[in-house]
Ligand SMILES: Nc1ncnc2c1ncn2[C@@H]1O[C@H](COP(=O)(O)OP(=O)(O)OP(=O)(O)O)[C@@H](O)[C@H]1O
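Here we start with a single chain on its own, the form predicted on its own, put down as structure tokens.
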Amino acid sequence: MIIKFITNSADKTQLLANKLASALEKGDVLTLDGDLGAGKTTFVQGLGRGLGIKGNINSPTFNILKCYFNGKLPLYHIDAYRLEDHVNTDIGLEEVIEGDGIAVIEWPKFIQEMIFEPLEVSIKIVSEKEREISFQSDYIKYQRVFDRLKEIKDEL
């Protein structure tokens, strides 16, 4: 299944992700693709707010992994870009990807072998302010997410 949205501001991208968070459950894995500046971190910030996470959520580019534990569920934000050469991949990512919270993985192609049954999120730059955000998965476990996305389409 695929559902697409067009957002016209960073606030709308965050609102979409915020509303999506209510449908996520322990063990869900979101892969997040998009060009530099597309709004991947903006999306994760909205998701974190929807999970009740307080504090600053920023890109884990130099850290590879940032963990947020003060919400309804833990949020694990992984930026796999620096793992492109497959060096230093044995840092325990499997435990958080298959863990007790929500894993969001930017640049998933670099650790594809560690990712099972993801909800694929793609953010494309349409214009300076507009983004096309698509959600895709064939896994039945995400039917609740697609049901929520259909509701959100009516709300936005």
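Note that the structure is predicted; figures quoted are calculated from it, not measured. Counting begins at 1, following the sequence as shown.
What comes next is about the form predicted together with this ligand, which is not displayed.
Asks: Going by heavy atoms within 4.5 Å, which of 96-104, 66-74, 123-131, 110-118 lines up against this ligand in the predicted complex?
Replies: Of the options given, it is 123-131.
Asks: In the predicted complex, does G39 have a heavy atom within 4.5 Å of this ligand?
Replies: G39 belongs to the contact set for this ligand.
Asks: So in the predicted complex, does Q143 come within 4.5 Å of this ligand, heavy atom to heavy atom?
Replies: Flag for Q143 set to no.
Asks: How about A10: is it within 4.5 Å of this ligand in the predicted complex, going by heavy atoms?
Replies: Yes - in the predicted complex, heavy atoms of A10 and this ligand come within 4.5 Å of each other.
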